[in-house]
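Presented as structure tokens, the chain that follows is alone, the form predicted on its own.
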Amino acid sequence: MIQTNICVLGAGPGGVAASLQLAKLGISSVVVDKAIFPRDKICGDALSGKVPYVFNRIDKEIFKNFTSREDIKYNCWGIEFIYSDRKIQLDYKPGVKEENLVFEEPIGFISKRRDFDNYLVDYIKKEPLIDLKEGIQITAFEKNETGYILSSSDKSTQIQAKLVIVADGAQSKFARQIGKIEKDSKHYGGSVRAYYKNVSGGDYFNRIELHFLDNLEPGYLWVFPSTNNQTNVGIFMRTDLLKERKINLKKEMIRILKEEEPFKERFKNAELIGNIEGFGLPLGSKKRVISGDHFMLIGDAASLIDPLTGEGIGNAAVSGRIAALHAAEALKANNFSAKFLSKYDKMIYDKLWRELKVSAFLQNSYKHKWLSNLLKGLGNNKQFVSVLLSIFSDVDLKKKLLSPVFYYKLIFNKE
């Protein structure tokens, strides 16, 4: 049996952030993932500004080296919110400063999860304080007086850990069984994703596209340029509305790309690469208890996906780093109780809740046409645009949302 103070379940961006932050603090960990890397992960592949921010705070070399890898990343210089009658264009600005960290490259990127996750995993493979176990699926969790025994189905792998950082994604068995995270269709999204080659048109030199179509609202269709002349295309929609409207996302995406403008012209000569794949998204539009005796949930396992954009990598990285910092405190105090670890919940929601709440409000506005039209009309309002941009690029949006001056400027469109 493997003995460790901390076991990280999952080697995605959240799990890697947690284990690397622990290593920076001189703390060893065991990281377990059911996959052998490189492996594909169904995702939109967008990396918000939070991702380089978090990893730069852990080790500046990680993203310094990543930005030089033209083979695995596509620079993202902005976002377009596209409606049938208007467009809101958001431009990232290079050289953004955040707590003395300067991003000389764009603060957003597109990188296939197969490539990005493998790039990160290569870092933990080189870290002597991290013991990575690939190709092992943990299926059983036995609580004892010192923590948890984590076992594979055949019990060939057993890990005794004082603290478990749960980073194994939206379908986390630990989150469901131990964390009691229940699927709520009003706070859960469904998506499909596909790669196409030779898509024409689009502002492919700097911006990703989110298309808000009447039959999908409050969801959207995304078009994200990627490497090797490929484009990541998908649909995101809340699960309760999918059921209510009886929409088959795969069939609907095929129909839209074939029949509706401007897609039918842009995809006329496009070639589908592989299959159209589906995946679920636990949304952070309601607060949950994300820790307990001897465990903390992070990323998708903690249901921290942005409810407006469907982006989860940034919040996974943020929560992974915060979990590692609090794990260090728990080790120092030798206290892994639910009460002690509940401080992690507060830290996460202090950092992310206002942003998630704004995203949920904007998402829900599309159920009310008058409000939806009002928000669309704010496309030229600098304050409103700054909120949208901050959702993608700002690590601490709450500072802006707490300011009464901000709301004055938003309402009266003041400079």
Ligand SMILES: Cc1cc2nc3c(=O)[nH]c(=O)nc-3n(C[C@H](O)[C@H](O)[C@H](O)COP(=O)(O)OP(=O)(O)OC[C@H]3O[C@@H](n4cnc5c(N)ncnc54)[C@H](O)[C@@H]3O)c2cc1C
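A residue's number is simply how far along the shown sequence it sits, counting from 1. These numbers were taken from a predicted model, which means no experiment stands behind them.
In what follows, reference is made to the form predicted in complex with the named molecule, a form of this protein that is not presented.
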Check your understanding: Using a 4.5 Å heavy atom cut-off, are Leu22, Asn65 and Tyr119 all in contact with the named molecule in the predicted complex?
Key -> no
Revision key, fill the gap. Picking from Ala330, Leu216, Ile82, Ile136, the single residue whose non-hydrogen atoms come within 4.5 angstroms of the named molecule in the predicted complex is Ile136
Check your understanding: Ok, Pro225, Gly169, Gly147, Gly292: which has a heavy atom sitting within 4.5 Å of the named molecule in the predicted complex?
Key -> Gly169
**Study point:** Which of 28 to 36, 343 to 351, 356 to 364, 54 to 62 sits within 4.5 Å of the named molecule in the predicted complex, heavy atom basis
**Key:** 28 to 36
Check your understanding: Is Ile165 close enough to touch the named molecule in the predicted complex, meaning at least one heavy atom pair within 4.5 Å?
Key -> no
Exercise for review: Decide whether Arg113 counts as a contact residue for the named molecule in the predicted complex under a heavy atom distance cut-off of 4.5 Å.
Suggested key: yes
Practice item. Classify Gly280 as contacting or not contacting the named molecule in the predicted complex by the rule of any non-hydrogen atom within 4.5 angstroms, answering yes or no. Key: yes
Exercise for review: State yes or no: in the predicted complex, is some non-hydrogen atom of Ala316 no more than 4.5 angstroms from a non-hydrogen atom of the named molecule?
Suggested key: yes
Check your understanding: Which residues from 1 to 33 come close to the named molecule in the predicted complex, meaning a heavy atom within 4.5 Å?
Key -> Leu9, Gly10, Ala11, Gly12, Pro13, Gly14, Gly15, Val32, Asp33
